[in-house]
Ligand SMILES: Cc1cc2nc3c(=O)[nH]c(=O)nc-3n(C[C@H](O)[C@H](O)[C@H](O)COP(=O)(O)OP(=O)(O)OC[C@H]3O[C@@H](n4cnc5c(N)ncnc54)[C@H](O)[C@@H]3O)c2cc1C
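We begin with a single chain expressed as structure tokens, specifically the form predicted alone.
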């Protein structure tokens, strides 16, 4: 058989005559990106992503349709080629009427695949749901109870029937059921790598880093100043929100993976960072924000610290608060302190220097406090605190405030009103006005700092010291537990890269485009055929039991309730998001999804076929489905119709997709590079042809 000899990227190769440059490159192991090319089908050169430079040619050529020729000299990668591929991708993205990630998942700091695990709960596949959850969350039962659920705020149900999906309750339900199972679905430790990682802080960030590092096979030792693991989850959140048994069950998972815990061990007195670096291959700092901010007024030493108060109660103490308690602050620590004081029998009043609207805590915590008899007074700030005579009673002098211009936080700054001072008599004052990171040790050991905490690379969480990483409150200051969990996973990826000699780049974040409806008509198209469905209520503890104990208020969803709530999910996002060629190549070539803004196709969805769903706005006109249908001898098949923005793939004679794809629907879904044709299940991993997260990207 006749052959041709050519040179690709400086390497000579001989291939059969009739083979393409793409074939020849692949025989050398050289990767050239493609979207429209389907092995075994005639090439159409529609996407131009596979373009290469042939020596002597004035323009770039599509390698999938370019016959290999004797003496040809080909370059597959250069600045010009990468720019051309990037532009081709950006043009395709500019006309893409779809979205990669569901709005809920996009809002989750940990990037949890919400539609994925919810689908599995609805299908009764709790083990698979846990596998999906554990891919991103190490403490799903805990976060299901205490997370502010930014995901639910982004849920598309909010736009339709005003109540987002109960996402937190669902992954709490899955976790609780898993923990109660005879054989719970749990991750496994990886094969021992021989590498050792020191983790300072056994809170959410440190536990998460260990959770993922142990699965990579790296030995982890967690050092913490407290007697038990959990950090602020244990010592800063009351049991009525987070039962210790639920937290301990999740810490036990980390323990069973092989973690070593060195508790009651303090950085600075029991060990130094220098010693940890000497004895370990990497260090992660997840020290949290354990310092309480002070009242900054005369007599501030007479006030309890909110953090200290909650810690003492968590350790089993019942501080003598007297009859009347004043809590100063408007965050979650203030609400937790107030509601804890109520359970200890006190009358409680919360003073906050801004209004209800500016409170940084969860509004459900405010509402819960009010239901339990906590009084709230706004636009009030402390001026001085003093004892009354020789007794234990206190006098708190306060001042009325009004809101002025916005400050750095974006909230309006409270401004004192002259001559507005008044007195508040009470037995105890609890200051819950903020937390901070203790940065003195870090600075002493040579770590760079910011105004919030430790300075790190945003993508990798690496500090300025080689082999030392940091995340969570240690970097951000007092923040959400879910962000600490997200940081722990990012750090684990970076540390694994460091330990295995790879470039330290952090987790890959795939490019994504969001669906932004252009008008009410397109918004209506998104919700067409969607039924209204009220959120399933979660049973709660009665008021008498609340105030007489620290029993958990939220009783969780039952099996049928969880399934009913899971069925409310609209399965937003792309069914093939993990294996979408357009998305993955856009990531590799740093394509900007919004570079070419302007008119685009409108969202449409055809779900008349029993096996697949067709969204023409995602189609890139690669012609793959048309060619597959023809090869399968479909009677009607598919064809490309229309012109300009109205061009689309459709069944001839305005027939239905069911008529056009009687035999080849599943193969079309497997071949579709963007999920324009996808299984009705919405699960790309059900497809044999879905590359998923292992799709080639180099």
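It should be emphasised that the depicted structure is a prediction, and the values quoted were computed from it without experimental measurement. Numbering follows the first chain given and starts at 1.
Same protein, other form: the form predicted together with this ligand, not shown, and the subject of what follows.
Here the chain stands alone, but in the predicted complex its contact with this ligand, taken as any heavy atom within 4.5 Å, falls in 259 to 267 among 396 to 404, 259 to 267, 293 to 301, 556 to 564.
No member of the trio 463, 495 and 589 reaches this ligand in the predicted complex with any non-hydrogen atom inside 4.5 Å.
By the criterion of a heavy atom within 4.5 Å, residue 486 is excluded from the residues contacting this ligand in the predicted complex. Within this chain, residue 148 lines the site of this ligand in the predicted complex, having a heavy atom no more than 4.5 Å away. The shortest heavy atom separation between residue 201 and this ligand in the predicted complex is within 4.5 Å. Mapping the unseen interface onto this chain, residue 336 counts among the residues with a heavy atom inside 4.5 Å of this ligand in the predicted complex. With the partner omitted from this view, the residue of 287, 328, 129, 282 that lies near this ligand in the predicted complex is 287 [heavy atom within 4.5 Å]. Of the candidates 134, 211, 223, 240, 223 is the one whose heavy atoms come within 4.5 Å of this ligand in the predicted complex; the others do not. Annotation for 437 to 464: the only interface residue with this ligand in the predicted complex is 441 [heavy atom within 4.5 Å].
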